[in-house]
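Only one chain is given next, in structure tokens, and it is the form predicted on its own.
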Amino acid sequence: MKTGTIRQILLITDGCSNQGEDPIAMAALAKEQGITVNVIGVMEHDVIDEQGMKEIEGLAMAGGGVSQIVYAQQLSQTVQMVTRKAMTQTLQGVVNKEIQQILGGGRTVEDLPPEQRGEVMEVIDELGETVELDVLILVDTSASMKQKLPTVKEALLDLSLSLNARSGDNHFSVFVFPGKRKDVEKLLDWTPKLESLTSIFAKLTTGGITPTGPALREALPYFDKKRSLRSFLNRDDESFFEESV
């Protein structure tokens, strides 16, 4: 069974978008292009308003992904959990399509007899360890995120350690919004080494607006850019992807 590459956007934010396109429409567009949008809402002292929570849930639903609201101190384990849960969900969708083609009638993994279901879930778990994974991370750097950025950095480094234990290839890239000079700014080009972030996070500045829609719009074509670049490169040129800023 061919699964290709699992492509995810991981959006880390603490509030409502207030500039540019409708982010939920952008998340729906991502899903159409085979890119899952996962959203982690970071709160501190119970401060996340109802509108923000609705947007976070709406983004993940439109983007076919997973959403979670957490306190900053729980961020590390949540980032890993959301990324892996979304990967399993995507793989289960692929397997369900195969099952429907074989059995017909809109049947899914849950409709199989217990023994067969167990065998299929084992295959999904194995694919989760071996499939290629591209994760584009979008970090909200609006003013209210200032105190949370050190925790975000630690969470992403933990994510790198967790995913690098897989046998499948991982590639990460990182964008922040708002950037210094424009709504969205690339911090890290595609690389297998998320620890490259260590030097970059110290330079981050925080601003007032939250252009979530434009950030998602910028992210989408970046997955195709990676694919076209890789077609020109052989394995000895992986360092090309480690360029940052």
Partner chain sequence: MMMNPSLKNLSKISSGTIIEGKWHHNRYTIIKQLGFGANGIVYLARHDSKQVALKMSDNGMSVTSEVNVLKAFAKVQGSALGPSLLDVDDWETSEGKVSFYVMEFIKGPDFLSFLKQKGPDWTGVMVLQLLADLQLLHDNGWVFGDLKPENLIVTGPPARIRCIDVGGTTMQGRSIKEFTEYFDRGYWGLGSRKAEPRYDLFAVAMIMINTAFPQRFTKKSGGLEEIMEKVKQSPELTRYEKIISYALSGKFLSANEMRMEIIQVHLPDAPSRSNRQQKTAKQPPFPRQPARSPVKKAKSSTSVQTRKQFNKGKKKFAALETITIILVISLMYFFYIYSQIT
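As the structure is a prediction and not an experimental result, all values here were calculated from the model. For clarity, a rigid core is taken as the largest C-alpha set superposing within 1.5 Å between two forms. Positions refer to the first chain, counted from 1.
The next section is about a form of this same protein that is not shown, the form predicted together with its partner chain.
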| property | result |
| --- | --- |
| Contacting member of L149, V131, L75, L138, with respect to its partner chain in the predicted complex [4.5 Å, heavy atom] | L75 |
| Residue contact check: R117 to its partner chain in the predicted complex, 4.5 Å heavy atom | yes |
| 4.5 angstroms heavy atom contact with its partner chain in the predicted complex for V109 | yes |
| Interface membership of A143, its partner chain in the predicted complex, 4.5 Å heavy atom rule | no |
| Any non-hydrogen atom of R166 within 4.5 angstroms of its partner chain in the predicted complex | yes |
| Full three-residue contact with its partner chain in the predicted complex, heavy atom 4.5 Å, for K186, T198 and P221 | no |
| Within 4.5 Å of its partner chain in the predicted complex: residues from 115-138 (heavy atom criterion) | E115, R117, G118, M121, E122, I124, D125, E126, E129 |
| Shift of E115 between this form and the one not shown at or above 2 Å (CA, core fit) | yes |
